[in-house]
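Here's a solo chain for you in structure tokens, the form predicted alone.
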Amino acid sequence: MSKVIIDCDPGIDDALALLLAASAPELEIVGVTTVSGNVPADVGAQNARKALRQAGRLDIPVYMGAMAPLQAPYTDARDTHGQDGLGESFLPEVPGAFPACSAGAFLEETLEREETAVIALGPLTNLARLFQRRPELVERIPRLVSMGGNFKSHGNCSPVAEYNYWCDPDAAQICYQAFSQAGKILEMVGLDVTRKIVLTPDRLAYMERLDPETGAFVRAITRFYMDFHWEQEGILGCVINDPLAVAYFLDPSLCRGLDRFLAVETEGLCRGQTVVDAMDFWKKQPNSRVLTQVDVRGFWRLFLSGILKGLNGRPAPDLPEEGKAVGKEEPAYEW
């Protein structure tokens, strides 16, 4: 069983990722930390609790983290996720006080005590602040899987940038620098692969048939998200980025990619862009694992089997074929 902290900014797709993580017997989630991204960190903390309540896992503590990026002005993503961050479902809040300990203090104390992996689903502000204070603690993180960035895909908040890294580019750059200095690999689950994970109306109806309770929750929080994707991108359905990061953590064979040196642009026209040295121009040791391909049907089998309580632990029936499950073949780059 892997001990893990989930650092997130819930957010519709973060909530779906929490459902998957909370259902996985392979994970011991020691805590959830929130950061300002899709919504401010305090709103995200309430949303994390709502997702954990749905999963029946209110035993997992939620810690509030950074309320603003390191340097960039904070811009939320409520146009995408709704004013409440959960698709304007306005689900009732979970009563009770949050821990007095901040996300930063919790991360520091946990890593001092034992090695713990991190799945980061939002801007990397909490982790960057930790590495600025305690750079040696990067050694205590056996895996850091970050949903963010992109390699060959276009951006989702600028022509080149993915939102999480655009929201706090300085934090992203600090984290990649920290892993580079430690000779470690930060695993980047970027838009190249997450854009292939689309929750379509048919898939949602399938979920509702297999598990009406969970399906109703997913429908409530994704209706706004689907409308946004149709209006802005012409997609019938919605891209659910963050669950892929959890699924990949659970089963790395779902994705393929390349190990290369990566830097993040922190300002100007290309703020937030992930610059991947695919051709090894800089001759630097890799600090990132950049995912480029994904087994889409494998993801859906894992995701549905995890979150649908109505299956009672049985494997999810396979989905109807919806086209090829992997991206463009790039044999020269694969690891």
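Heads up: residue numbers just count along the shown sequence, starting at 1. The model shown is predicted, which means the values in this text are computed figures rather than measured ones.
Beyond what is shown, the protein has a form predicted in complex with a small molecule; the following relates to that form.
The small molecule is not drawn, but in the model of the complex it has a heavy atom within 4.5 Å of Asn164.
Although the partner is absent here, Gln173 is not a contact residue: none of its heavy atoms lies within 4.5 angstroms of the small molecule in the model of the complex.
In the model of the complex, the small molecule sits within 4.5 Å of a heavy atom belonging to Asn38. At a distance threshold of 4.5 angstroms between non-hydrogen atoms, Leu124 is out of contact with the small molecule in the model of the complex. Among Thr110, Asn156, Asn150, Thr214, the residue placing a heavy atom within 4.5 Å of the small molecule in the model of the complex is Asn156.
The stretch that touches the small molecule in the model of the complex, counting heavy atoms within 4.5 Å, is 241-249, out of 101-109, 127-135, 258-266, 241-249.
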